[in-house]
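Before any questions on binding or motion, here is one chain by itself as structure tokens, the form predicted alone.
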Amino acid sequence: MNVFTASTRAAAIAIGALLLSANAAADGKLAIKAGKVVQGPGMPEIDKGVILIENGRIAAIGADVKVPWDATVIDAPKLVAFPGFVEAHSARGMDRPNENIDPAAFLSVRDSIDPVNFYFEDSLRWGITTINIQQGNNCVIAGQGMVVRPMGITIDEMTVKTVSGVKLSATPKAGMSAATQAQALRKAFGDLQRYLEQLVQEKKDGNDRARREALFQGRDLEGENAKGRAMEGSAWKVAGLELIPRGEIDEKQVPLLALVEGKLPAFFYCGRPMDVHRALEVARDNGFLARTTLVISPACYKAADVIAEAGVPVVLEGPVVFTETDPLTGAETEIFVPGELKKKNVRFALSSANTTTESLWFQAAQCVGRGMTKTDAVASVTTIPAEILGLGKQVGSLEVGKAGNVLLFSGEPLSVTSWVEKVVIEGKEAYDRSKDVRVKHLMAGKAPANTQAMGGSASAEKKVVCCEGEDPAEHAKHLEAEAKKKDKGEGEDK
């Protein structure tokens, strides 16, 4: 007999339920009939609307859309349809968010993401359908991130965009000062420049060391990789790089070169206002300012003027309210950070402060509660993060041609009394609150079958629960059926 702990059984049941619901809908056509459809920020709302999704994309949306006879239908006349939330930056869902080496741009979070991490389960509960997974802030130059959907049992099933950008940090990592952090950032790009110059000189001297090394490592030297091209970019350049087949360039340097050439986005973390200046300086000096997004702490609102001047978007990490304490009087002042960013015309996306009580829904609702327009609040968790990730034509709103990522709320989407009842990702039902065993356990105290009852003691006598429900008559029938199976050699326990 297989023996599981109560917590292991609960985890298996919860994950299984979510996976079953994710594959329940047909792959072809899905029609969602909602009491109201909120298409996106600033877009008209549709009463008694229908969203038709075919092969994962929205094929039609409106009040008079005809539902094909062969479509699966979700009939939700009391629910409100809303576009899936977009998380522009998150370091969750991995077995380890930070790396010890500097720089580590040649690494990818793909090798660290855990598809059954509870974070992805929580994301579905809160309606987050697109997530940019990046490494943590305790780095100099971290690995490459990727955009995923929070459903699927393999990385390939989850993948939306294989490379979303490289993570850097202007804030000192553990054990480093501001000066050594800045030196490490400059050194990484200085080493890149010197390495490329050495490659060019060796090629001119007839030294074929780089090619031999590439062949030894099994790198692809065919097709485009067999060709050289002049270095691109708006900052420094290395003359003669067209002599070097791109496949001969060390793979550890390739992502940094892509940054400098403006071909790869950068997510630059700034934990303090002073770090904003450093991040913008490094990005500007190395030619990737135009493709930089700052990931800022609430305190960085003080550098809003500098951010606005640079014209870069930001992802606000943490709470939307920053509390300052006067060092002399001890008086506390609350600063509504998104409001300050909006005043300076800084494009910003919100991020979840945590996976439960302060997810994107909560963050946007707080913004509305503090006076921000609903249009701006919704944009900060849908269309703006989608644009930051280069996915503005795919996700962020409910429009024909975009991915069929739809949330069904029990009421007004940003109301504290509303819940996400269903989540559809690319035309497949990914979450159903009515089948969420963890929610039932938390809200109603209903423990999943074969687990310890809520509030029960591990040392106390355990009540056997092997059927759905606890009706004695049904339980007796079940035991009788199991006994007959054993007599025939068909018992479950071998």
Partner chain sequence: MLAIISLMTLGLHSGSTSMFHSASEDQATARSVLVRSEKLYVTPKRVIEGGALLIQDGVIVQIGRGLEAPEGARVIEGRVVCPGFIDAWSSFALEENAFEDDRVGRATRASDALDSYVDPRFEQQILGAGVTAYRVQPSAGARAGGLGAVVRLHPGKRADQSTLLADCCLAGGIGLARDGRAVDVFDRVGEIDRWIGALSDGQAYLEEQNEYRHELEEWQKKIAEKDKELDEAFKKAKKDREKAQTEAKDKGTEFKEKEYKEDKKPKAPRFDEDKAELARVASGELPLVLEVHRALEIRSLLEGTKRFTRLRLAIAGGTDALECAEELKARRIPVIVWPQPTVGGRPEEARVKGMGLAAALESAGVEVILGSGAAAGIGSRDLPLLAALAVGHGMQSEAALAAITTRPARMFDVSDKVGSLEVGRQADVVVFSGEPFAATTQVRFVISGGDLVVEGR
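Residue numbers count along the first chain shown, from 1. All figures in this text were calculated on a predicted structure; none of them were measured in a lab. Think of the rigid core as the biggest set of C-alphas that the two forms share within 1.5 Å after superposition.
Another form, the form predicted together with the partner chain, is not on view; read the next lines as being about it.
Of the candidate stretches 179 to 187, 231 to 239, 127 to 135, 310 to 318, only 179 to 187 has residues whose heavy atoms lie within 4.5 Å of the partner chain in the predicted complex.
Contact check at 4.5 Å (heavy atoms) against the partner chain in the predicted complex: all three of 194, 213 and 272 pass. The partner chain in the predicted complex is not approached by residue 421, whose heavy atoms all lie more than 4.5 angstroms from it. Of the heavy atoms in residue 157, none are within 4.5 Å of the partner chain in the predicted complex.
For the chain shown alone, residue 337 is not a contact residue for the partner chain in the predicted complex, no non-hydrogen atom being within 4.5 angstroms. Under a 4.5 angstroms non-hydrogen atom cutoff, the partner chain in the predicted complex has residue 306 among its neighbouring residues. Here is the short version: of 412, 75, 114, 220, the single residue with a heavy atom within 4.5 Å of the partner chain in the predicted complex is 220.
Superposed on the core, the two forms differ at residue 328: its CA moves 2 Å or more between this form and the one not shown.
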